[in-house]
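Okay, here we've got a single chain as structure tokens, the form predicted on its own, with questions on binding and movement later.
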Amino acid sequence: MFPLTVENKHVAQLLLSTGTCPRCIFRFCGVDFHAPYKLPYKELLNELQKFLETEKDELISEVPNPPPKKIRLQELEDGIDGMDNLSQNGEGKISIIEDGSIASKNSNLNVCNVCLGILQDFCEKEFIKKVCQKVEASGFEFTNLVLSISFPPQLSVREHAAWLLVKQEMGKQSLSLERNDTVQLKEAYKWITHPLFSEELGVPIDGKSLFEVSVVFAHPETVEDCHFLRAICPDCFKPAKNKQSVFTRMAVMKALNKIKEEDFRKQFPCPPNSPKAVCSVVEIECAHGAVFVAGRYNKYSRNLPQTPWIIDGERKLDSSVEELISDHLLTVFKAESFNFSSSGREDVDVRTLGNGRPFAIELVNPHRVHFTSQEIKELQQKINNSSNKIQVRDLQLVTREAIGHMKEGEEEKTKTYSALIWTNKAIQRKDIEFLDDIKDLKIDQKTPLRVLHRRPLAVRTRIIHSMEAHYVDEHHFRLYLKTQAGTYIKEFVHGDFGRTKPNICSLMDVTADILELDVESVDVDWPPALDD
């Protein structure tokens, strides 16, 4: 059943006569159910002609020539990003224009003065198929997708002009038309294309999908349509660092909501002028949202930093914990880059023993995202076999939200250390026994000199929950400490020239230094332990 009624007839004829396509006519007549938009363009035009026939069954003389029903795609020798030319039996073609974009040039097509061909050329199955071919060639794994469409901002100006035209005509019939009474271009495009994309790719369209296919349209011929708005509403068009132009869709919409109708009519034709060419596709990109891998690592080397050690642009050591783990993940997940985080960090000369330190890695734009638990176990084993400096356990995929558990209450967590300490004075067992009796000792630590170049100057209060001293010889003992997370253990031992108070030196009345330090445990119950 044709969706327009007798009440729509005058508006439909007016729009068609001024160069508006059938689907845009539906939009401005408030047709808000999907089926009519999905009909082939030629069929739509024929049905609209029949609807607008005069009593003498004469076709309206202003009806534009229909565009071809199908658009066929031919390969370009040097197409952009693998996109091919579109052609229709040699009658028209999609060709590369000067800026390297893709545009349709069809002599038989009267380009819609509102959508600039979006609802004409780019809703056909052949165009959808070509986009899908590029998606499939991108190498991404996906089980659903979100489709992101970017239209030229001047389309909003043209829609506004068409709306004012229809509003004026309906006003002559004592009828009103609010802006939200019309169907937005993006909505209509989704109604038509989402089922086609889903059918062609065999997966559902899901607004929450991590896999995004973005299609960016441009229309150089009408790029100046927006410019008059800047003179009238300058506050709406403020330069932004990450935007190439001030004429963003949001800025244009803001100005259109602000400008008076009479001022708009003085500056822009209602109805809009008909363009010579349809929009061009300047970008088709695929991207996958980040995935996250977590686990715990042990570090057995006293010559390995947690992250790359670079000073004044010069690398000091060949590798790092971060790289020994992440390099394998980058390869297997086919990701572009990564971000490493952990529950605290140890110095280059400190080992991490026990159950290890929790870590998480964000893998940016991964092409492979689906793994079985067995495959993750094999990946963990591959990491462990590649180096004797580290070992990884409990490797698993996690959500972005779950990573928050690693950072929650970080300073309230406890950590256990083992330190080999030297004293300048000879000591006996009885000289260190009193340390075992000290509980919940509060210390004040001014930012250590060794990290002052990268940490702000501050005094931080930390708690030494307990200590246990084991005598080694007259100048050495081993001290086991359970402390609040964030405690600088080395400075607690030697005092850092009095910047940490109290300290082992002041408590024992000796000069002391730390020879070896190990992290025995990091008491963060995350990520969940896995069975071997």
Partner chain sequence: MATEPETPVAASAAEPAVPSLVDRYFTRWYKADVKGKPCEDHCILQHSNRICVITLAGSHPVLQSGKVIKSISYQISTNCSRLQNKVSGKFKRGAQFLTELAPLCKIYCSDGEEYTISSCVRGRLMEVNENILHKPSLLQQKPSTEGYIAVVLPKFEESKSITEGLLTQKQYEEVVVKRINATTATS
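We call the rigid core the largest set of C-alpha positions that still match within 1.5 Å between the two forms. Everything numeric here is computed off the predicted structure, so don't read it as measured data. Numbering follows the first chain given and starts at 1.
In what follows, reference is made to the form predicted in complex with the partner chain, a form of this protein that is not presented.
The stretch in contact with the partner chain in the predicted bound form, judged by heavy atoms within 4.5 Å, is 490-498, chosen from 42-50, 461-469, 26-34, 490-498. Of the residues Ala240, Val348, Val364, Val451, just one reaches the partner chain in the predicted bound form with a heavy atom at 4.5 Å or closer; this is Val451.
For the residues Trp163, Trp422, Phe211, Phe228, the 4.5 Å heavy atom test against the partner chain in the predicted bound form is passed only by Trp422. Residue contact check for Arg455: one or more of its heavy atoms lie within 4.5 Å of the partner chain in the predicted bound form. Interface membership of Val11, defined by any non-hydrogen atom within 4.5 Å of the partner chain in the predicted bound form, is ruled out. Contact between Asp513 and the partner chain in the predicted bound form is found at the 4.5 Å heavy atom cutoff. In the predicted bound form, the partner chain lies farther than 4.5 Å from every heavy atom of Lys38. Comparing the forms between the shown form and the other one, the C-alpha position of His475 differs by 2 angstroms or more, with the core used for superposition. In the core-superposed comparison between the shown form and the other one, His328 has its Cα shifted by less than 2 Å. Once the cores line up, the CA of Leu507 ends up 2 angstroms or more apart between the shown form and the other one.
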